[in-house]
Each structure stands twice: as C-alpha cells, then as structure tokens.
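The chain below stands alone and is given in structure tokens; this is the form predicted alone.
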C-alpha cells in the first residue's frame, strides 16, 4: 500500500508541472485557435535562462521566478504581435509550420549557446524529502507543485474575477461577438500567447532544482502537454489540469508496477483509450466556467 501511495504522490507532484505547460498550450488554442508546437521549447528556454542566472548570481533558482515569468510574458506577447499574428487567418497548416520552425530554431540556438550536455542546478535541498504517513515527499518536487498550484489559482482569479480575464474568456467562446462588444481581439491574442509562454517558462523554473537541463528536454514535456490537452478537451483549462494530474499518476504507476523504461507506455495507452471512448475530452465545456 505504501508503494502505491508513493507512486501516486510522485505522479501528482510531477503532474503540477505538466499542468503548467498544458494549460499554457490550451489557453493559446482556446483564445487564438492556434496550435503552438514550440511550447516545450519555451519551457526549455525558461530552464536554461533560470540555470544561467542562478549560476551567475549563485543563488536559488526560485529567486528568478518572477523575473523569468515577466520576461517570457513580454517575449511571448511581442512574438505573437510581430510573427504569430501574421498566420492567424492563414489556416492551421501555416501556424503548425511556423511553430515547428520556432521549435527547431530554439533547440538549435540552445545547442549552440549551451551545448548538448546535461546540466543541473546546485541547491541544498535537492535530495531532501519530507516523511508523511509512510510516504517520502521530495522537497523540490513539492515546491514545484506548490508553484503550480499558486500559478493556477492566480490564472483562475485573472480569468474569472478581472475585466481583462472575462474579455479573454469571451474571445475564446465567440471572437466575433466579443469584437462587437468592443473587445480588442488583437490584444486578447497577444495576452493569451504571452500568458501561455509564461506558464511554460514558469514550469521550467520549477523543474530546475531537481531535473536535468538540456536542449531536448522540451520535446518530452511538449509531447506530454499535447496528450494532456487532448485528454482534457481542446481549449478546456479545467480539463487540462485534470488531464495533467491523471497523466502524472498513470506515468508513475506504470513506472512502479511495469517498468521504469515503459512509463510512457501507460500514458499513451490512457491517451488511446480516451480517444476511443471519450474523444471530446474528459471535462469538455467546463474549463471556461
């Protein structure tokens, strides 16, 4: 029983990071109807940026959480305004090719700047754990999950309790009606893309204390994010959160009871089952409520 609880706990904790990346991806799709295939690479850039700043200043990576979040929000906003926005009315094929191109570009730049080697941050609590009810809870993973919870709550408050957030939700539900009500769709697009990129970068910051940093790290988390988004229902934020936690738990249980090398097998098996029996997603239509 303790082994099962341990696996469940590990799955939920890593599911928080999956949720950050996936919610950013689903927010972009929900508002802009654009699929961002470079989402994982923004997480990778957030990790490298945080690691570089932490190593230079010799302080904890979390010190730069707000700075990295703001920087990537601005980067995402400007990227949407001057590049992504040009593809809004050109179909998904153009958007996919552009974001795939950005993915390759960012990965190549990371290889040139930081090299292909695995790197990690030096933090005093990297191997520390809390012992609760017979379960070991990794301290850095717990911090990462805590960051995810706080960010998700802040996003919920923004979307549901601010005029700007409600305008973004209105744009996601019906762009034309929102525009007729005086909402600037171009601004909503920029904000959605900026917030989506910021969430991926924040996920990267929270990974740095316990996860290796390397140029291909974004490919894995980007793939998981797409699985989560489909599981939760395209454009559904609540579904993305539930899907992320589910994927984290399935991955951890598969690693524990099947084989560590086959942990992704359970993830994609769950993905196939959901596509077969509930293709509309787990909680379709409730994520913007």
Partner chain sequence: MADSQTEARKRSGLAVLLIMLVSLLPLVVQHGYVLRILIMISYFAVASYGWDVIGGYAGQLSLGQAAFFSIGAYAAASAYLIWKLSPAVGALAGVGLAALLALGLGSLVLRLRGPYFTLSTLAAAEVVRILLLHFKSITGGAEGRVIPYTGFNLSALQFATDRPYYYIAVALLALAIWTSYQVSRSRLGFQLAAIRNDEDAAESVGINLMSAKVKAFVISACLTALAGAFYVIYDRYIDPYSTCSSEVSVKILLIALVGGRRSIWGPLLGAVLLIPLTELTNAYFASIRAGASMVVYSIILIIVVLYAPDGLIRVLRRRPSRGAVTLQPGPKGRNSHASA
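Positions refer to the first chain, counted from 1. Just so you know, these numbers come straight off a predicted model, no measurement behind them.
The form predicted in complex with its partner chain is left out here; the points below concern that form.
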Its partner chain in the model of the complex: contacting segment from 199-207, 178-186, 158-166, 114-122, heavy atom within 4.5 Å: 114-122
One residue of 71, 83, 173, 137 in contact with its partner chain, assessed in the model of the complex (non-hydrogen atom, 4.5 angstroms): 83
Is it true that 105, 230 and 275 each have at least one non-hydrogen atom within 4.5 Å of its partner chain in the model of the complex? yes
Would you please decide whether residue 78 lies within 4.5 angstroms of its partner chain in the model of the complex, comparing each non-hydrogen atom pair? no
Would you please decide whether residue 53 lies within 4.5 angstroms of its partner chain in the model of the complex, comparing each non-hydrogen atom pair? no
is_contact(residue 98, its partner chain) in the model of the complex, heavy atom dist at most 4.5 Å: yes
So, in the model of the complex, is residue 226 in contact with its partner chain at a 4.5 angstroms heavy atom limit? yes
Need the contact residues for 234-266: heavy atom within 4.5 Å of its partner chain in the model of the complex, sequence order, or none if there are none. 234, 259, 261, 262, 264, 265
